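Take a look at this single chain, the form predicted alone, given in structure tokens.
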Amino acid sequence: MVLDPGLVDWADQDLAAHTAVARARMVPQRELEELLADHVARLGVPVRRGVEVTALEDTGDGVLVATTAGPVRTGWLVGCDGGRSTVRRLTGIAFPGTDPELTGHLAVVDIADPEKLADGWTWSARGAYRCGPQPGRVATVEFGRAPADRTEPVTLDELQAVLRRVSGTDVTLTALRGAATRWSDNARQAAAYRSGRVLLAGDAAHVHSPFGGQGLNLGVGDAMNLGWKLGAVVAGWAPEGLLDTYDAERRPLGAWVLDWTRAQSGAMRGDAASAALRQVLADLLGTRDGATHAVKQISGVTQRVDLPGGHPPVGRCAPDLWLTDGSRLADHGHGGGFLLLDRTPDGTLARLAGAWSGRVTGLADAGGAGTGGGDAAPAGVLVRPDGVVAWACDTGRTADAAAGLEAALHRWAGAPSPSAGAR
């Protein structure tokens, strides 16, 4: 089911507060991976590819890792090694969930007789397939067959056999352009995201079907949440207990995505009941409210982690708060630290945060107003390095805000900086 951007209410408060979501553009995974790899290279971080982890031992004060390139000792180990994670298995973390009901393939091929295939998604009792929108791009979904060994590469013969079964034609494929992928709707979540000094992120922590394009988004969200917290513990200004908030915050979001994709699997089967359900969903997604809701869910703008404080932005991704100089709050976050927006006339909040200098950047914007959604501007906003609002206060309540801000700074940014003097 393809969402119609023309139906979406882009003036919706949640969407308008995040202008980067405008028109709901989708970025191919390959392009995003290239951007991330280029960024890592600019940072000078060494990346060793083709090195296999064979054993590990959590010693309590570090982790001993045996690899095919020799032993490594590290303070912490984060397993980002996919759904068949060796790190997860060696650590003994369970991976409960639901078994696959379908096998999917995605590839770009040359087709000798493309006229035998229909455009767009086509359904049959055995499954479904889609040709396009790019030339030669073929996607298939087949129910009732056990997934093949995913460690083996997808061959042209395999693709042709699957496409013939689900399409009911004798279509002929003549060439495979690049690597093809094979996937299933296996949906599982790690029983724990942390065990001692070993943590899991991305597909090592959760696997699901690619429906809705949520997999890479979820993994990047894990990395953003865990990265700054682990950095704070390694740097010594945060206690190890901060790492426990990683599991507490990310697990509910991972569970939601698993159920979101399970629901889509349920609507894709070839039986009459699923066909009727697809029609109902198509009718709902063909409405303004339905399309808007789906885009909000897929884009993640409504995600929220459970944090103390009753102010609406707390626990959500920081909206596009516009400053009087024409910049956005997010434009000041590239340094990777905390941001404190202070719109009090006398800079009360920024002065308090000065005790955390080096970790918190204060932005004075007295008189600023408005967000991307047109809401009244809060007087103060504390944004964590992962872009989540940790604390906020309204205009007119700054006299009561100092205690709340100080508590939030202690909770997330650790003890005050010694050089700044305790307050």
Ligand SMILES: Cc1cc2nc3c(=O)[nH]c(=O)nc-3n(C[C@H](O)[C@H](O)[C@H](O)COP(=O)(O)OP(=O)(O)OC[C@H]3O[C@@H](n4cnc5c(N)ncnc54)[C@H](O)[C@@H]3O)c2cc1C
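Everything numeric in this text was worked out from a predicted model, so none of it was measured. All residue numbers are counted from 1 along the displayed sequence.
Beyond the structure shown, there is the form predicted in complex with this ligand, which is absent from this document and is the topic of what follows.
Shown alone here, residue 313 lies farther than 4.5 Å from this ligand in the model of the complex, counting heavy atoms only. Within 4.5 Å of any heavy atom of this ligand in the model of the complex lies no heavy atom of residue 158. Contact between residue 320 and this ligand in the model of the complex is not found at the 4.5 Å heavy atom cutoff. Contact check for residue 80: a heavy atom falls within 4.5 Å of this ligand in the model of the complex.
If you check this ligand in the model of the complex, you find a heavy atom from every one of 51, 202 and 216 within 4.5 Å. Shown alone, this chain has one stretch from 333-341, 216-224, 248-256, 112-120 that lies within 4.5 Å of this ligand in the model of the complex by heavy atoms: 216-224. Think of it this way: in the model of the complex, this ligand has a heavy atom of just one of 290, 210, 300, 347 within 4.5 Å, and the residue is 210. Of the residues 86, 189, 195, 169, just one reaches this ligand in the model of the complex with a heavy atom at 4.5 Å or closer; this is 86.
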